[in-house]
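Encoded as structure tokens, the following chain is the form predicted on its own, with no partner shown.
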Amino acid sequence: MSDAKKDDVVKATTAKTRTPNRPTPKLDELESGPWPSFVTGLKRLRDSEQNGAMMNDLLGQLEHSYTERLGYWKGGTVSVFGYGGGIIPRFSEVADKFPESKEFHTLRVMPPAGFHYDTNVLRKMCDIWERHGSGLIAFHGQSGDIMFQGTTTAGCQKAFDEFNEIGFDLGGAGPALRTSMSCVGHARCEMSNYDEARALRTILNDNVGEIHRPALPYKFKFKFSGCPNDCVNAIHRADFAVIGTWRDDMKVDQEEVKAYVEQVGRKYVIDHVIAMCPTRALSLNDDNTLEVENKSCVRCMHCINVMHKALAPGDDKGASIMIGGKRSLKVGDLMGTMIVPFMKLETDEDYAKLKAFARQVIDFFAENALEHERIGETLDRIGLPAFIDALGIQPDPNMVKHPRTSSYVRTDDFTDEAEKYFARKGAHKDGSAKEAAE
């Protein structure tokens, strides 16, 4: 008899001989509101033949936690052959009361770029997890992983082997490179400014060893968004955020502008588009055409989102790279700091440069960050000048936050540096001193 069939027999036998359904009066209250409850899903798994015993005791432990107002899970170490991360160990501290859920580990599995699946793959995933786990799956965790929640220590290796056979790999856990995310991007979105899926695979394939063999001071995340709408929350959740942008003028179809104004009225356009521009870069002319002061545009995407037939990103497309976004840790929440204002991402050479820069940033983080410190906190600790000097990047006015209101930046000094920047930029356009400009 195969291992899979043995597992099925054991689970079926357990389901028939398990304890009666645990009483869950407090959890039942969570099903009484107007919104769908996760408790309903857990009960549905509890009533299944394959996973019922584990989910029954899981519900019992959760009810116990609600009653005592304490969590009863502890960590530990669980891994599969060849991988140092990707599994979140959970051992119950009340295993004597709820023995069937004494181990409830989670496998983090990397999704395909842009979250593209077909139904055949989804069915295979569900079958694997019903055989070796609880059947509980989350698409997706905050880091982008497919979260296969609830299995035993022995089940981790069996499940991973089968996931690996259908082409999936474990995501990161612990002080390592974590699962990368990209938006659906150019596959389906007209706002895309580069090939997000290619960028993700380029970076991930080059650094996959940092996922399998955790050796960083702490976690490190890549996220790729095709435009400033930032659908994968890269700017405030990624250590290395690649955000699609453009550096020429926004495209305007004046006939579509007029049609939109005629449809919704001038007042609506003024109130919901013109007045909402954060830099007052838009104005509506008397003939219902739109005037755009592109030098003031900060690519917030609001006007394009509202008037998506009339407005579109420019033609000179690329990406901005921001470093250091994260949630609270030693330092509070941080948005990414602009490090590379614009990088073309079209040719093989462009993607090779992106790959080299990503490797450079990871190496800097590995060598200079303190233990349990994100790169945003390293940047906060050592300062932006030291960081860009170490990476060999030319200073750029786009890197400075609120220069006119900062007590540490004198207006005259900032203006002088800005003039140097524009001189370098002009030299680059003329084809001379190209290396200095880069």
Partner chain sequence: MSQGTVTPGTPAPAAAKAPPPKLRKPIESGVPDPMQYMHPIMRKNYGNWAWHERPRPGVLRHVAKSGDEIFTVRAGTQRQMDVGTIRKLCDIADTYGEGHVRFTTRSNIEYMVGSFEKVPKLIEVLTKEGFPVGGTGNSVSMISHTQGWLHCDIPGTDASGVVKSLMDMLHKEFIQEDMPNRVRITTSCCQINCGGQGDISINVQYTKPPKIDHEKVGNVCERPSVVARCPVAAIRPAMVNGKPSLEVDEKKCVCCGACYPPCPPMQINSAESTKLAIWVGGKHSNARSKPTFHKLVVANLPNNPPRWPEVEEVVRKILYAYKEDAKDWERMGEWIDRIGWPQFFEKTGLAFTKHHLDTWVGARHTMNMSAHVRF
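Residue numbers count along the first chain shown, from 1. Here the rigid core means the biggest group of C-alpha atoms that line up within 1.5 Å when the two forms are laid on top of each other. Just so it is clear, the structure is predicted and the values come from calculations on it, not from any experiment.
Same protein, other form: the form predicted in complex with the partner chain, not shown, and the subject of what follows.
Asker: How about Arg280 - does it come within 4.5 Å of the partner chain in the predicted complex, if we only consider non-hydrogen atoms?
Answerer: It does not: once the partner chain is placed as it appears in the predicted complex, Arg280 has no heavy atom within 4.5 Å of it.
Asker: Do Gly41 and the partner chain come within 4.5 Å of each other in the predicted complex, heavy atoms counted?
Answerer: It does: once the partner chain is placed as it appears in the predicted complex, Gly41 has a heavy atom within 4.5 Å of it.
Asker: Though only this chain appears here, would Lys74 touch the partner chain in the predicted complex if you measure heavy atom gaps against 4.5 Å?
Answerer: Lys74: yes, in contact with the partner chain in the predicted complex.
Asker: Using the partner position in the predicted complex, report whether Glu49 sits within 4.5 Å of the partner chain, counting heavy atoms only.
Answerer: No, Glu49 is distant from the partner.
Asker: Using a 4.5 Å cut on heavy atoms, which of Lys97, Lys355, Arg327, Lys344 is close to the partner chain in the predicted complex?
Answerer: Looking at Lys97, Lys355, Arg327, Lys344 one by one, just Arg327 meets the 4.5 Å heavy-atom criterion.
Asker: Quick one: of Ala187, Val264, Ala366, Ile270, which gets a non-hydrogen atom within 4.5 angstroms of the partner chain in the predicted complex?
Answerer: Checking each option against the partner chain in the predicted complex, the one that comes within 4.5 Å is Ala187.
Asker: For a quick test of understanding: in the predicted complex, does each of Val292, Ser320 and Arg381 have a heavy atom within 4.5 Å of the partner chain?
Answerer: Judged in the predicted complex, none of Val292, Ser320 and Arg381 sits within 4.5 Å of the partner chain.
Asker: Residue by residue through 68-104, which ones have a non-hydrogen atom no more than 4.5 angstroms from the partner chain in the predicted complex?
Answerer: Those in contact are Glu68, Arg69, Leu70, Gly71, Trp73, Lys74, Gly75, Thr77, Val78, Ser79, Phe81, Gly82, Tyr83, Ile88, Arg90, Phe104.
Asker: Would you say Glu31 moves its Cα by 2 Å or more between this form and the one not shown, aligning on the core?
Answerer: After core superposition, the C-alpha of Glu31 moves 2 Å or more between this form and the one not shown.
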